[in-house]
Ligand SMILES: NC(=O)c1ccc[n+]([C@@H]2O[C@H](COP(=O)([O-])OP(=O)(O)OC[C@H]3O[C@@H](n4cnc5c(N)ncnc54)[C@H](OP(=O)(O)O)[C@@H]3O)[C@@H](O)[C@H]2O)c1
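Take a look at this single chain in structure tokens; it is the form predicted alone.
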Amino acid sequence: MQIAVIGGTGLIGSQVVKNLIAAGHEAVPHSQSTGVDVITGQGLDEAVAGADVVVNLTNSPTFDEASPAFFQTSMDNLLAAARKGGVGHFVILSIVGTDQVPELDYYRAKALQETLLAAGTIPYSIVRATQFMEFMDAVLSWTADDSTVRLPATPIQPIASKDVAAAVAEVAAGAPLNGIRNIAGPEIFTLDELGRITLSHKGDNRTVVTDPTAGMFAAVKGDVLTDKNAHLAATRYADWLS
């Protein structure tokens, strides 16, 4: 099977390409570094020509109010190129609970991306993942100073990027879902608890202060970023840290 992986040189994309090739597919990574630009449309027709499947793993450069425009333009361009190229399956990676947090610009943007895909004519699959373990350092940095890290007690279910890539590759190689598959890590933590575990492992003596107003995840109400009924990955957070 010939699979075009747009955004195929990033954290998830590079692993998806590796997994697909190992499974015997012809997976080709495309990104700005290979001359493909999802905003201008440069190189898109050539990238998807002859592909059975397109996997779109591109991401907005910002998480702010500019992110909806990125997904609107990029999906319009990619879907047009995929239709022109006769692509039979279009896959995107989204976020568990993305339609439950309209207060966050980025989550609203990802919900828009899902809507654009589902409204089109190409058979599709949406893989929604919980928060990546690899992003925990960035989350800590958002609300940190020399002595403290302020985090809300938002429930999250972290998943390793390798497990996300494996799930995306599996879906891409299968029949279109024409729907959503949720994937998640095997454990649920509150974000402040996960912060304490992470700092302790690193030997970082800063104190984690539970603050319901701190950082991006303060806008999240309840446990919408977790899913006990999702397809659960194997990697536990302590094992990933080690």
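The structure presented is a predicted model; accordingly, all values stated were derived computationally and were not measured. Each residue number is its position in the shown sequence, starting from 1.
The form predicted together with the ligand is left out here; the points below concern that form.
Of the stretches 117 to 125, 104 to 112, 83 to 91, 148 to 156, only 104 to 112 has residues with a heavy atom within 4.5 Å of the ligand in the predicted bound form. Under a 4.5 angstroms non-hydrogen atom cutoff, the ligand in the predicted bound form lacks Leu140 among its neighbouring residues. Although the partner is absent here, Ala175 lies well away from the ligand in the predicted bound form, with no heavy atom inside 4.5 Å.
Contact annotation for Ala69: none of its heavy atoms lies within 4.5 Å of the ligand in the predicted bound form. When contacts are judged by a 4.5 Å heavy atom cut-off, Val171 does not count as touching the ligand in the predicted bound form. Checked against the ligand in the predicted bound form, the residues Leu232, Leu11, Ala219, Ile21 give one hit for a heavy atom within 4.5 Å, which is Leu11. For the residues Asp52, Glu187, Asp204, Asp37, the 4.5 Å heavy atom test against the ligand in the predicted bound form is passed only by Asp37. Shown without its partner, the chain has Gly13, Ser31, Gln32, Ser33, Val36 in segment 13 to 36 as residues with a non-hydrogen atom within 4.5 angstroms of the ligand in the predicted bound form.
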